[in-house]
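Listed next as structure tokens is one chain, alone, in the form predicted on its own.
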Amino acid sequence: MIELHGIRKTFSTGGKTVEVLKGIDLSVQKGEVFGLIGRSGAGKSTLLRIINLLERPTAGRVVVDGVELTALSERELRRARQRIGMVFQHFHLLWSRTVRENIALPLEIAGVPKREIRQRVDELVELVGLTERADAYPSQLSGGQKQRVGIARALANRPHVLLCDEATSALDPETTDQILDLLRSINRRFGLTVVLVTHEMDVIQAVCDRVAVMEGGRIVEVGPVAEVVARPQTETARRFLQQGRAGQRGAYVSAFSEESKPVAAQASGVRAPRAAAETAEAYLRLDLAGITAPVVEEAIRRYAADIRLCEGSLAEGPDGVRGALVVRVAGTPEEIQAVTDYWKAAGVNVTAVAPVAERGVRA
């Protein structure tokens, strides 16, 4: 759906040339929600704007839906942009226009007949849940409602691609979750390809299928969200994951130390101590991508082994739980094997790892 080849972008400022994007190759598949994450200045918003040529690349090719945009005339490009919607961080609504009138604007510019405009606007107002606010002005709307208008306006021309530039950064956590749910619903309902720029890993985990991590004008890591969360390959990705764990949103599991109170004791009471000679222990990494059943809690209820969480993070994604945990399982060898077999049968990827203390992990 979207192909970027050798994208470079330089800006001249103060007599100096600054290279913002440094040879980026990227492919976004049709119908997926694709995230671009990076710190301020990483180049993610510039890259997003290059997809619809609001910024022209200094070098490279942009192909969207089989059309090479970088080869089009200005007239052809204006026509092609009608199939690429864009949602902005600060809404960019016209304050003198009502909700209906803001949504209608791109249709008016495209020369759509008035009757068709009214019908399309009615559909979109209902889609984004603003039927009762359709005649209100932006000054009468909350931040979340304004962003809903922005999304409806971006969908007016029935685009194939929706670009979202920090679309939730100006919103509170609860409203952010609502907007992300709306975007995912639109993606599933219409098969729309969505590219979403953010600096929050929470947002990526909540809604995206794949993610590209950007640093210094380059893509340093790209892959399915579940894999990047479970096995980050770069320090940049690990840093964003750690920031997510420290945040207030998302269903994250905090890091635990080896001395943490056993989860088993919290769940079902403290079990009777065993003689040291009877016990063994194993440290297991549980990759839980796509697992919907509460497999850790169920193992605690079913088996006599002592199960403790050591580290990891989990978040609810569109296809179930995403993330990984490292757990310490103590008991007889038979009890440890029973728990391991249960998790594997439930579809969990179970890997033996070194003890937390030996790996130098900080709680």
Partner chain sequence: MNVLAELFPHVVQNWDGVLQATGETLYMVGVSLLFSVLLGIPLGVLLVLTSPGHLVPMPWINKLLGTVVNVFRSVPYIVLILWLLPVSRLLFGTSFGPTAAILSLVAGAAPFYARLVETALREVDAGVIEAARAMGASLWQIVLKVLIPEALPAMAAGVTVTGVGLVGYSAMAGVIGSGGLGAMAYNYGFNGFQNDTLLVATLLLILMVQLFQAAGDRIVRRLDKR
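Numbering follows the first chain given and starts at 1. A quick note: this is a predicted structure, and the numbers were derived from the prediction, not measured.
The following text describes the form predicted together with the partner chain, which does not appear among the structures shown.
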Site check R49, Q82 and L105: each within 4.5 Å of the partner chain in the predicted complex by heavy atom: yes
Looking at 218-226, 131-139, 184-192, 235-243, which one sits within 4.5 Å of the partner chain in the predicted complex if you count heavy atoms only? 131-139
Look up in the predicted complex whether V63 has a non-hydrogen atom within 4.5 angstroms of the partner chain, and give yes or no. no
Spell out, yes or no, whether the shortest heavy atom distance between A71 and the partner chain in the predicted complex is within 4.5 Å. no
Going by a heavy atom distance of 4.5 Å, is L155 a contact of the partner chain in the predicted complex? no
Applying a 4.5 Å heavy atom distance criterion, does A170 contact the partner chain in the predicted complex? no
Please tell me which of L93, A282, V161, V121 lies within 4.5 Å of the partner chain in the predicted complex, judged by heavy atoms. L93
